[in-house]
Structures are given as structure tokens and as C-alpha cells.
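First, one chain by itself in C-alpha cells, the form predicted alone.
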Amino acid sequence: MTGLAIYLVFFLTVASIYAIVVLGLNLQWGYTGLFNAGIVGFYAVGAYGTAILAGPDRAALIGGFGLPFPLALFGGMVLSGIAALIVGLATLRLRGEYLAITTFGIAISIQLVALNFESLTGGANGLVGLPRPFADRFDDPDLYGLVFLAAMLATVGIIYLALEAVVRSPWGRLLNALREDEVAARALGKNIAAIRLQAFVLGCMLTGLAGGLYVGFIGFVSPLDFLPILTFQIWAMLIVGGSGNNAGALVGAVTVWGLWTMSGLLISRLVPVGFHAQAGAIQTMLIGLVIVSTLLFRPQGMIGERAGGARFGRSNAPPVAKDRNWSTGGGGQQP
């Protein structure tokens, strides 16, 4: 394959991984109204969980169980779900920006654990030499890249169809009712705490799955893969694409990842080498600019919520910028 084709395969594979994360976040925010600002923490749990379960035995490190990749991937998802269950039980009584601040702090804590728990995570050096699924069956790395991309696209398609079925089910309609008016949903006798926890855990398990797939694709994991900027990238993808719509989540993932990579390419080509470190801040500024511009000029995102949705055409801004239920004591109430 040509260099452009190889890069396109890489681009689409990473975009597919991020699309799974955004779909998980959309379930939490777009359909349930849970402002999870710690998404990157659960992404890290899934990635490290998969790496530790699938990685080779190392004398100086805990883990290295050498499990088959599909089993290790499932284990990473379960670990993310367990982490989400623990965090959810402790934090989901919070609302709006209070939940956002708490989950963001938890994500930072997870990243610091990955950085400092060297005997488990390899510390700043990370875990290297991780097995890539089924790579030993392909002599041509370009062919393997195409097969991995096809598997990723199939995975995204299956998750998309499953979530579409879920949000159209009675449970999915209950999520929408909870998002729009929690007080009314509680008055109907619904167990609000259980529903919020279910959506939170399911969304985080999808995020953990994406983390494990990232490890399988790259064959390496380190704390630098889970810096806070990734949280804002994921949120930008959802806001630009349009929350409350799974198709919007997919479009937003590809669009924002494309902007990020193209801006990086332009910086590397146009800015002198000595100023690359400073110019890299332009990419971070770009994420903020994209979020603000979308909220100002197209608050529903590129693909707004369907006409049948209660919030079609309305802003998908997080509650820091737009409190949903202030008048009813919802999103803005004190914890």
C-alpha cells in the first residue's frame, strides 16, 4: 500500500476506537443526562486491564498472565465496569457540575496511579511488547492493518445497532424520561438511582472495551495515553456530532479526530522544528474553539437528536453551561 493508504487505515482505526468511547459517553450524557468528565479514567482501566491480562510474564511486574486477547479484552471491560460501579455508588447522587468535577478528579487519580504504580503498570515507561490479536497469522503488516480495521468497523457497527435497539426499548425511553425530568420519573415509581447506575456502568464498559482495543492495535500502553486533554477531545466529538443521537457520535468522532490530526500535520510542516513544542498548544486551543463554536452556532451538533426526541434542536451543552433542571431542583441542586 502507498503511504497515504497506510495512514488512512491508521486514521480510521483510531477513529473507530474513539467512536466506541463517544457512543458510551452518549449513552451516559445524550440519553441519561450524566455528565461524566472522567471518561478517560475508565478508558485507562480497560487499556491497562487488557494489557496486564494479555501481556507476557515479566519478573519485575505484577500480572503478565498471557491470556488470549479476546478473553483479556473481556476482562478489561469487566474491570472498567467494576470501577464504574464503585465510582457510581459513591458519586451518582451528585448532579451537574458537581458530578463532572468529581469524575474528572477520579480520572486524574487513575492516571496518577498508572504513572506511579510501577510494579503493576510499568510507571512512566508503560507496558511494551504487548501481543496484537492474531498478528502472528499475517506476514504482511499492511494486510494485518486492513483486517484489524475491518474488525474495528464491524465492532463499531455491532455496538451501534445494539445501542439503537437499547435506546428504543422501554429501558431506553426510561433513560430519556430520567434525563428530561428526574422528579417526574421518580413520581412514577421508578428506581432512579438504579437506572442512573446501570447507564453509567454500561457506558464505562464500552469505554473500557475501546481502551482494550487501543492496546491491541498499538501493542503498547503508558500514562501519556490518558492525559486530561483526551477527555476534552471525547466531549468535543460528542458535542460536534450531536448528543442524543448515536449517528452523531460516530460523525463527531471522525470529524474531530480529523481536525486534530490535520492540525498536527500542518504544525509539523509549517512551524520550524524549534517551535513545535509551543505550537502544539494550538491543537489544544483548537479543541476549545471547536466546542465553543459548536455551542454558539449549532448547539444541536452536526446531527441533532431525532424529531421524536424531547430535545431535538436544543443545545447539547453540558450543565456547566446549561442547567437542565434548575427550576425543579435537578441538574443545579447542591450535592
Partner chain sequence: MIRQRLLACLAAATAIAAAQSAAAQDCTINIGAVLSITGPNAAIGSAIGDAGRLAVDHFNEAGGAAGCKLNFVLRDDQGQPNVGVDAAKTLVSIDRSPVILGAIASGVSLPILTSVSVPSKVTQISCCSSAPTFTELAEEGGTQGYFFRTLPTDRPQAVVMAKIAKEKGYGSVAIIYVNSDYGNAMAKNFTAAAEAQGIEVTDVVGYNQEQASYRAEVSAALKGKPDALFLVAFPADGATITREWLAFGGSKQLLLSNAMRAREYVEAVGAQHLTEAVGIDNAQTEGPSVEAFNAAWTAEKGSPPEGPGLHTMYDATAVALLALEKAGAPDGTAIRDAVREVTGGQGTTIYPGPEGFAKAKELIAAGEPITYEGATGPIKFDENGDVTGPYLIWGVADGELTTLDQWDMARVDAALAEVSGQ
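The term rigid core refers to the maximal set of C-alpha atoms that superpose within 1.5 Å between the two forms. Positions refer to the first chain, counted from 1. Keep in mind the model is a prediction, meaning the values are calculated, not measured.
There is another form of this protein, the form predicted together with the partner chain, and it is not shown here; the text below is about that form.
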Counting only non-hydrogen atoms and a 4.5 Å threshold, tell me whether L25, G63 and P131 all contact the partner chain in the predicted complex. no
I'd like to know whether E118 contacts the partner chain in the predicted complex, with contact meaning heavy atoms within 4.5 angstroms. yes
Considering only heavy atoms, tell me if Q283 and the partner chain come within 4.5 Å of each other in the predicted complex. yes
Given that the partner chain is not shown alongside this chain, does I106 nevertheless sit within 4.5 Å of it in the predicted complex, heavy atom to heavy atom? no
So, G157 and the partner chain: in the predicted complex, are they within 4.5 Å at any heavy atom pair? no
The partner chain isn't shown here, but in the predicted complex, which of 181-189, 220-228, 69-77, 157-165 has heavy atoms within 4.5 Å of it? 220-228
Looking at A177, A90, A124, L153 here, can you tell me which has any non-hydrogen atom within 4.5 angstroms of the partner chain in the predicted complex? A124
Heavy atom within 4.5 Å of the partner chain in the predicted complex: which residues of 46-63 qualify? R58
Superposing on the rigid core, do we see a C-alpha displacement of 2 Å or more at I287 between this form and the one not shown? yes
